[in-house]
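To begin, one chain is listed below as structure tokens, in the form predicted on its own.
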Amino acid sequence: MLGNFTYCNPTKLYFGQNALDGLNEELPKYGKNVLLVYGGGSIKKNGIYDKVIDILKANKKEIYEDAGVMPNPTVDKLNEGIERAKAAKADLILAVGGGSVCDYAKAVSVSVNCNDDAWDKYFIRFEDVTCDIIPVGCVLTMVGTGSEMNGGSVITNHEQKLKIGHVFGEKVFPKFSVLNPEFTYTLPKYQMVSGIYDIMSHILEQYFSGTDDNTSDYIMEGLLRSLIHSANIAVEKPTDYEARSNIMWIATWALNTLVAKGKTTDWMVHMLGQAVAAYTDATHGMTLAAVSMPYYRYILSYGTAKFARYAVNVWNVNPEGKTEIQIANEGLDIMEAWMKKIGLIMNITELGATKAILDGMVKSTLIMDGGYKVMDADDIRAVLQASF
């Protein structure tokens, strides 16, 4: 049964081959000082940087830059960004890049005017934003996180060996996001398939919860089927516009808060993956892939009916003459084979994890209570051991 909920998503999207033109509509709404945030410089190589700069100049903006945002943005980088935004007296933060850049921009936006330590306030105590924020806009160049249409931000603290996300309220959502699938063409295959699995994991984290007949589950099954179909095409033909546009659109809907409504949601795969990344700094989607199979096999008996439904409705398992547990296991077997086929990393050893850091990863794993089993430290240890 659907419970009571409120839904609002204030982000305006510009989607398609001419999506960047949307900047000309949005930029006049903000003051003259724009902090341009981006990563390691790939946007300069592929020409996106020049296109954005030309539009900013045409709109008579003062441009300040904050480059070098890493795939797992750190608290040190966040503190640097806070100072850059203050020095620029930024009226708008424009994030050009993937989900990490968008996440980072949101973290900066809520921290510039914060009188407390931003890491402690938002990522340790999970407190609400009580200060003025700087609005954020996004130009997406990699898909996976859904950060372009939600309030999420994930920051890593290497000193504390923690990678933690905070989901901020609707006022922190990007005011607008530009989604041109062609901007994702130059991504290496490793990054593309990592993003694809991040999308899948977002959907599954919400799908594998609850036992009611929930409309969101039907939506998610459709998203998953479309994702699998388009991913198979994109792996073989990375510049197939239809496949890449579908993947980009699915990524947005996977985590723009819609399908979570009426659901308890799980998120333990993300907690496990983030604990691995806190120690290895490995690519986010790959950490999720590496822990998913051990986790889902571990909890399968607690949510067998849903896993069997998933097998039939997403992976086309024929249920005839099979028990529910057999159907469920067959679905996971097919999923695992598909993950290997598209090139995902299936164990944490390949990501740099060793048994020597097992205790630390267990300690760094936050425990959620919305899935089919509430894990304890022993459960987490067992899943991580099975992930090596």
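Numbering starts at 1 and follows the sequence shown. Please read all numbers here as calculations on a predicted model, not as lab measurements.
The form predicted in complex with 5,6-dihydroxy-NADP is left out here; the points below concern that form.
Only one of Y310, Y122, F183, F173 comes within 4.5 Å of 5,6-dihydroxy-NADP in the predicted bound form by heavy atoms, so just point that one out. The option sitting close enough to the partner is F183.
Among the candidates S230, S216, N72, T257, the residue which, in the predicted bound form, approaches 5,6-dihydroxy-NADP to within 4.5 Å (heavy atoms): Residue within 4.5 Å of the partner: N72.
With a 4.5 Å heavy atom cut-off, would you call D103 a contact of 5,6-dihydroxy-NADP in the predicted bound form? Yes - in the predicted bound form, heavy atoms of D103 and 5,6-dihydroxy-NADP come within 4.5 Å of each other.
Given that the partner is absent here, does N46 sit within 4.5 Å of 5,6-dihydroxy-NADP in the predicted bound form, heavy atoms only? So N46 counts as contacting 5,6-dihydroxy-NADP.
Is the gap between G331 and 5,6-dihydroxy-NADP in the predicted bound form 4.5 Å or less for some heavy atom pair? Although 5,6-dihydroxy-NADP is absent here, G331 would stay clear of it in the predicted bound form, with no heavy atoms inside 4.5 Å.
Answer yes if any heavy atom of D198 is within 4.5 Å of a heavy atom of 5,6-dihydroxy-NADP in the predicted bound form; otherwise answer no. D198 belongs to the contact set for 5,6-dihydroxy-NADP.
Choose from 302-310, 235-243, 113-121, 136-144 the stretch whose residues reach within 4.5 Å of 5,6-dihydroxy-NADP in the predicted bound form, heavy atoms counted. Checking each option against the 4.5 Å cut-off leaves 136-144.
Quick one: which residues from 148-174 get a non-hydrogen atom within 4.5 Å of 5,6-dihydroxy-NADP in the predicted bound form? N150, G152, S153, V154, K163, in sequence order.
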